[in-house]
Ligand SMILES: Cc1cc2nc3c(=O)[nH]c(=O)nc-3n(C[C@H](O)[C@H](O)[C@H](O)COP(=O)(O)OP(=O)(O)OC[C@H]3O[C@@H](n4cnc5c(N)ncnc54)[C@H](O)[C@@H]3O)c2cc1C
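As a starting point, one isolated chain is supplied in structure tokens, in the form predicted alone.
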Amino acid sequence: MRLNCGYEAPACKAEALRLLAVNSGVRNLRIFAGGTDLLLRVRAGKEKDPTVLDISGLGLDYIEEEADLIRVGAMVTLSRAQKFFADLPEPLRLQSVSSGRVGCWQTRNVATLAGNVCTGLPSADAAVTLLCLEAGIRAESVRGSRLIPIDEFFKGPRRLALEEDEMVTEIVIPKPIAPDGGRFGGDFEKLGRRGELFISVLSVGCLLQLNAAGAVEKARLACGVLAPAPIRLYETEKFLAGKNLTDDLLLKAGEVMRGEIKPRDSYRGSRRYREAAGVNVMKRVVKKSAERAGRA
């Protein structure tokens, strides 16, 4: 099937940024990385007179590990991210789990980690764990570069904190550091109707830091499809901090979580189902995160 769209293939990042600057507000210039979301939208006529800007030739297919952070270029596929983070210690391996749950292996071999985030969809699974890991999104334009905290990146469904002349070039993930005796653990769970090839009914990610006594020193919780965009559960995190995990505590944490989420009805699941299931999944991922921290 022939797609009705224009095409630009810049040879370097400077040329890509120039094209974005020149066409800002003039025509529908859309970033093309893996294309697994964009091409479907073009085919369905959901993009008006689009011109795709192919960034595959800009040298953005890198993963660079530094002393205190990891930089993931915008062309790194989900399969590559899954493999890379699987070999890292807790809680960084958390990113491998969510990256490996997006679509099927054929999709993950083409789709990119940055592209999953930049869909701006509440069902962007990889974004949930990046929220737990407190990642930053590098946005560049001819005006310069800025690092956007991921919890400020999502403004609503398909709405991002990007200017029209900006493009995402990398994701920056800090390496969590625990004090002496501290241990990390993380977990991610996604609910859907099949094992693969489905959009999430909901998803929840968790990062826990336990102190030497086994109490929660720090909690990071995030969820997808339980709000108009992927979100952090800040109040639930605060409630868990400084406490020992018990079933009663998690029951109360579930009530706190209910006050933070705003699920909606859809043909994949009702609002009431998503709310109840989301709380139960949160309890499971917190327990599993604590178990992994205990084994660390």
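Sequential numbering from 1, following the sequence displayed. Model, not experiment: these values are computed from the prediction.
There is another form of this protein, the form predicted together with the ligand, and it is not shown here; the text below is about that form.
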Contact stretch among 105-113, 206-214, 85-93, 220-228 - heavy atom within 4.5 Å of the ligand in the predicted complex = 105-113
Can any non-hydrogen atom of residue 55 be found within 4.5 angstroms of the ligand in the predicted complex?
-> yes
Can you check whether residue 33 is within 4.5 Å of the ligand in the predicted complex, heavy atom basis?
-> yes
Decide whether residue 125 counts as a contact residue for the ligand in the predicted complex under a heavy atom distance cut-off of 4.5 Å.
-> yes
Residue 97, heavy atom within 4.5 angstroms of the ligand in the predicted complex | no
Contact residue in the predicted complex, chosen from 241, 249, 69, 40 - any heavy atom within 4.5 Å of the ligand = 40
148, 173, 178, 162 - the one with a heavy atom within 4.5 Å of the ligand in the predicted complex | 162
Joint contact, 245, 253 and 282 to the ligand in the predicted complex, by non-hydrogen atom at 4.5 Å | no
Interface residues of 49-83 toward the ligand, as seen in the predicted complex [heavy atoms, 4.5 Å] = 55, 74, 78
